[in-house]
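Starting off, we have a lone chain in the form predicted alone, written out as structure tokens.
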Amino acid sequence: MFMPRKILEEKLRQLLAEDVGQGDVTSAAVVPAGLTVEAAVVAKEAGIAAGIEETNVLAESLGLSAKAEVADGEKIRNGQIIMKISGNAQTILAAERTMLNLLSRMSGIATTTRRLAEKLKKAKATAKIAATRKTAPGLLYFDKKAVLVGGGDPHRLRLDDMILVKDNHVAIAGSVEKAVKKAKQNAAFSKKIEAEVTSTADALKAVEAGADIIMLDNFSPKQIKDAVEALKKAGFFGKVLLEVSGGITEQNLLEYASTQVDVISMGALTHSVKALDISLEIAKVK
């Protein structure tokens, strides 16, 4: 994912401003103005690094000097220095928690995503692991970027990315078939149409109505296999992408991957991520 540096800086400064408030009163009271220090950002557990680029940009935008020791997507070990930051001590301390929160969360997402993606690869499954829009408010870009770093697919980035007909749209339209047909009539040609369905019958109706992607929502592996067989019988299998979502865990991932779906989306990648333990330690006072 590419974002012009100035826009990324703005996003990062908004995160920092939320934490700083009217100023870091502790550093102002304890740390001498103008003091320069060197700090090391240290991984306290093994995982996949993510958020390195963003932390670098934030540090440099604040007039600090930052040197990344690893790149986004690289494996990191417990105790490894992943970045060195030097400059004004008060500035480093004021930005410390924002930088670490971002690094920890993004690395946690990337670590989980990589583990699941490698599990699929090892099993020679063709399905891709994907995120959902169940991200933390204000962190959508960073959460999705971390999924990409981990080797997953970000899915929709925002509501304007793709048409996704869900249960409430169907409830208003009257049926999944009517909803998909309305979408095709009113949407721009460049927008793909995905339909969320809860039954094989609705999956067939959605495909017949012109959906490009079918999301099998809360289907069991057996129900997915039944839906796949029905799509094959109707001549639609392979002509639309099949996504499965709901009830998928690391433990049953391979069972779902064996059903011939194309995409396995998991909200857990972002909505209940375990952050990687990362800390910042002052290494030298100049």
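One rule holds for the numbers: they count along the sequence shown, beginning at 1. Quantities reported herein were computed from a predicted structural model and do not represent experimental measurements.
Keep in mind that the form predicted in complex with another copy of the chain is not shown, yet the notes after this line are about it.
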| said: Taking a heavy atom within 4.5 Å as contact, would all three of Ala68, Val228 and Val261 count as contacting another copy of the chain in the predicted complex? | reply: no
| message | Within 4.5 Å, heavy atoms only: does Ala201 come near another copy of the chain in the predicted complex? | response | no
| said: Residue-level contact is defined here as any heavy atom of the residue lying within 4.5 Å of another copy of the chain in the predicted complex; does Val197 satisfy this criterion? | reply: no
| query | Hey, in the predicted complex, is Asn252 touching another copy of the chain, heavy atoms inside 4.5 Å? | reply | no
| With the partner left out of view, is Glu243 within 4.5 angstroms of another copy of the chain in the predicted complex by any non-hydrogen atom? | yes
| task | Please name which of the stretches 83 to 91, 70 to 78, 201 to 209, 109 to 117 has residues with heavy atoms lying within 4.5 Å of another copy of the chain in the predicted complex. | result | 83 to 91
| query | So which bits of 1 to 37 sit within 4.5 Å of another copy of the chain in the predicted complex, heavy atoms only? | reply | Met1, Phe2, Met3, Pro4, Lys6, Ile7, Glu10, Lys11, Arg13, Gln14, Leu15, Leu16, Ala17, Glu18, Asp19, Val20, Gly21, Gln22, Gly23, Asp24, Val25, Thr26, Ser27, Ala28, Ala29, Val30, Val31, Pro32, Leu35, Val37
